[in-house]
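A single chain comes next, written as structure tokens; it is the form predicted alone.
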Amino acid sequence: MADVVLQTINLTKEFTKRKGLSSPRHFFDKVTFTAVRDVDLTVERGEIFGLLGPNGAGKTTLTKMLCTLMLPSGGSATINGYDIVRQQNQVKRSIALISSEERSFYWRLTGRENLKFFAALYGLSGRAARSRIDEVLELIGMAAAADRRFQEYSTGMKQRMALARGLLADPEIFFMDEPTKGLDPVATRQLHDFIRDELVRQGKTVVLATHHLAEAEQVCDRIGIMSNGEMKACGCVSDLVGEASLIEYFHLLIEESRLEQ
């Protein structure tokens, strides 16, 4: 029987806000927007699973719910067997989130000093922390640049440091929200290689959110296609590309990738 590490059942997220100045006569009237609707999803241990969809499809909202950064409006989900609402502490110890919108590092500190800070938050200190920091810096190829200030790093180096921070606590599941955004082709390939050759080799599970069809094809074992907050299909990329009902959707993703470049 497959070892399931992530499962959602009818997971839903709704946002409510006032109409405001967009409709002065009804300023205080509330409108509801459903960002994620009734998502059913299963991911197995050691799998690279892609959340594929255009911008605004609901990928980031879904990821934030699974990482306990946002409470769902309905449905349920478990990570490593723990409920994302009732057992948030256990979920947090099982995961790492790497995002292209990285804001948590201290830019005036060196890479190593940043990792010392995060290691302390994870409960690592002294010799254990130093040993683990050296290990992850070597693993991501940043040992030589570890004592430079974070503000001097390139975009690719910052992404590697985000990986290093995630690796510190040795989580079982990595969530990556468009991690190659802003990276050049060389840095993108290095990140893809790291996911396949290092994380998977260690038995980690990766959930990768992207709107690049080519990235999903190159990296992921399976993908879930999202549009307007709904999961439209799940399966291997090669199988889904041939589905007539999804051809127009794939063309949209390809065009969106070209516009970004």
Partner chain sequence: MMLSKPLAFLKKDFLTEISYRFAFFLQFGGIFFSVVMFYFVSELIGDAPNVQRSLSEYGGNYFSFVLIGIAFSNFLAVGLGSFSSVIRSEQMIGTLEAMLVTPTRLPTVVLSSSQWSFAFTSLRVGVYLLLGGLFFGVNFGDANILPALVALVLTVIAFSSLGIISASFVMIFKRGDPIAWALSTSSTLIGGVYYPISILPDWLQSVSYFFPITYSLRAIRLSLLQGAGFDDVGGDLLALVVFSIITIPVSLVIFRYAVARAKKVGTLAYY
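Positions refer to the first chain, counted from 1. In this text, all values refer to a predicted model and were calculated from it rather than measured experimentally.
Note that the form predicted together with the partner chain isn't included here; everything after this is about it.
Q: When the partner chain is placed as it is in the model of the complex, which of 68-76, 131-139, 187-195, 154-162 ends up with heavy atoms within 4.5 Å of it?
A: Selected range: 68-76.
Q: Kindly confirm or deny that 34, 44 and 49 each have some heavy atom within 4.5 angstroms of the partner chain in the model of the complex.
A: Negative, none of the three is within 4.5 Å.
Q: Contact with the partner chain in the model of the complex for residue 146, defined as at least one heavy atom pair within 4.5 Å: yes or no?
A: Judged by the heavy-atom cut-off of 4.5 Å, residue 146 is well away from the partner chain in the model of the complex.
Q: For residue 97, is any heavy atom within 4.5 Å of the partner chain in the model of the complex, or not?
A: Contact with the partner chain, yes.
Q: So, in the model of the complex, is residue 127 in contact with the partner chain at a 4.5 angstroms heavy atom limit?
A: It does not: once the partner chain is placed as it appears in the model of the complex, residue 127 has no heavy atom within 4.5 Å of it.
Q: With a 4.5 Å heavy atom cut-off, would you call residue 181 a contact of the partner chain in the model of the complex?
A: Because no heavy atom of residue 181 falls inside 4.5 Å of the partner chain in the model of the complex, the answer is no.
Q: Taking the partner chain in the model of the complex as the reference, which of 150, 174, 118, 82 has a non-hydrogen atom within 4.5 Å?
A: Contact residue from the list: 118.
Q: For 78-97: residues with a non-hydrogen atom within 4.5 angstroms of the partner chain in the model of the complex?
A: Residues within 4.5 Å: 88, 89, 92, 93, 95, 97.
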